[in-house]
Every structure is written in C-alpha cells, then in structure tokens.
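Here we start with a single chain on its own, the form predicted on its own, put down as structure tokens.
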Amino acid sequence: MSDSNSDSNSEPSFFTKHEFAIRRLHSLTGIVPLGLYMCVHLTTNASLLGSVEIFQRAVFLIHSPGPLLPLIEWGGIFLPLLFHAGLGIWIAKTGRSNSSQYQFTSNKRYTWQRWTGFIALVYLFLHVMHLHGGIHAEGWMNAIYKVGFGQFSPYNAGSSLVDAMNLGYGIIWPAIYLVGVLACVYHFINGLWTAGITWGLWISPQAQARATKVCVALGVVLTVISLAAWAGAVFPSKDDVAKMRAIEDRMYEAGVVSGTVLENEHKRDLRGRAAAEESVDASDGEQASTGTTEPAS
C-alpha cells in the first residue's frame, strides 16, 4: 500500500474530531467561571478605593470556607483557567489571521484577541506569584517573600496590597497591573461578543450590531471598575497603610471574638508589620543620633 493511501486512512486527532464541542467549551469557560470571577474580583478590589472596612469584610467572606478554599479556587478558577489558556494557545497557533491583507475591524479584533490573551496569561502568572506565591508552604513563602513575591495577607488585605504595589519603586508593579488588567478586560469583552456568534445568539448583522453596543457599554463599565481597583491599590500613602493596618487588626480581633472570622495568624501581615516597625525604629534612631543638645547655662 502506498504512503498516500496510508496518510488518507490515518485517524484524525482528538481535537479535530471534537473541535465543535471543544471550541464551545472554550468560549463557555471564558465567560463562566472566568469572566464572572473577574467581574466580581475587580468589583471587590475597587471597594478599597471607598472603604478599607468594606474591602476587608469582603476578603473575610472569601476566606470563610477555611480548608475548603483551595478546592474552590482550583475547581472554579485555576483548572478552568489552565484549560482555557491551553486551548487558547492551540487555537491561536492553528488559526490564521488575515488582518494584514484585509483591514476589517473583525480581523483586527481577532489579532488583538490573541495578543491580549498572551498578555493576560503572563500577567495572571505574575499576579498570582506577586500576591499569593503559588504554593502555600511556609518555607517556600518565606523564601519568595524576600524577593518580592507572596506579598498579600488576606487578614490585612488593603495594607498588604498597597505595600505590594509599592515594591519596585512604586512604578514597576503598578505598570504591570495596569496593562495586564486592561488586557484581561478587552479579552473578556471581545470574547463575550465572539461567544455569542459561536453559540448562535447573534448571527444576523442587526443582532451583531446590537450585541456590539452592549459589549462596548459593558467594557466601559469594567474599565472604570478596573481603574478604580488599580487606583485603590496604588495611590494610598505610607500613613494610609498604617491606618489601614490598624483598622484591619481591630476587625480581625473583633471577628475572632464574635466567631465570624476563622483565627489564623498565618493570614495576617506579620512580616510587613515587623518591617514597618523596624523602619520606624531606624528612623527614630537616626533622628536621635543627629540631634543636638543645648549647653548648660
């Protein structure tokens, strides 16, 4: 038998045989749970701009499942994200954009969708490492904390978040987060529009025009929320951080007494508090060493 006949009789790949279902599952996971989680996450973080109490209560609620929280995070966030990202990379590698030959808006959006997907994937990895450290093992967390990762402490949510953003001269991380979050917003909104076509929700030009208006409006709202969340983490001063930490500590102690907050010292920003106290002591020492004494009369 010839090689050509052998090739023609070869079995198609798993992705080829199930491409219809896989692409729909890919678009679905981009909306639920990932897109929905992003909306809730951004809205929660934006609350810090208005009140440290509201933000801290929300974080207390998120961590209320206790030992079940890692299962919820992996089942509802990380595994869907890995699936969506892995399949997205495969689609991007096998798909072809014709935006260089045809300057249609839809072709440009296809290219932007791929690039914002790559940017979002890199950003999300940096975001998880920067704030959460990836693996919650004490030795690992202590090691990466020294190099600027694993900085977030959920029971001192606002103050530890602001301190984390101030690393890198207060420029590097805010720039990374601004670009990354806006890329995530565009990727979600454009993905929502294309998902409607994938699922047959808007096929006609008139329906697509209406969907475009809705998606653009939602994109504007999410962009405003994103900028509010970014500003709430970037703009507070060192004095604001100290006030935040005092409020968070009072809320934690009151919550433990009332039984609404699970006692867990590892979720408090003990390292950040110690560093702040050392900084104050060093400053006081410098002032004392440079002080002058009046001669006795």
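Just so you know, these numbers come straight off a predicted model, no measurement behind them. Residue positions are given as counts along the sequence shown, with the first one as 1.
The form predicted together with a small molecule exists for this protein as well; it is not shown, and the discussion that follows is about that form.
Not displayed here, the small molecule is kept clear of Lys17 by more than 4.5 Å at the level of heavy atoms in the predicted complex. Although the partner is absent here, Gly219 sits far enough away that none of its heavy atoms falls within 4.5 Å of the small molecule in the predicted complex. Shown alone here, Ser226 lies within 4.5 Å of the small molecule in the predicted complex, counting heavy atoms only. Taking the partner from elsewhere, Val256 is found to have every heavy atom lying beyond 4.5 Å of the small molecule in the predicted complex.
Put simply, of Ile144, Ala195, Leu167, Cys215 only one has a heavy atom within 4.5 Å of the small molecule in the predicted complex, and it is Ala195. Shown here without its partner, the chain carries Ser27, Leu81 and Ala120, all of which come within 4.5 Å of the small molecule in the predicted complex through at least one heavy atom.
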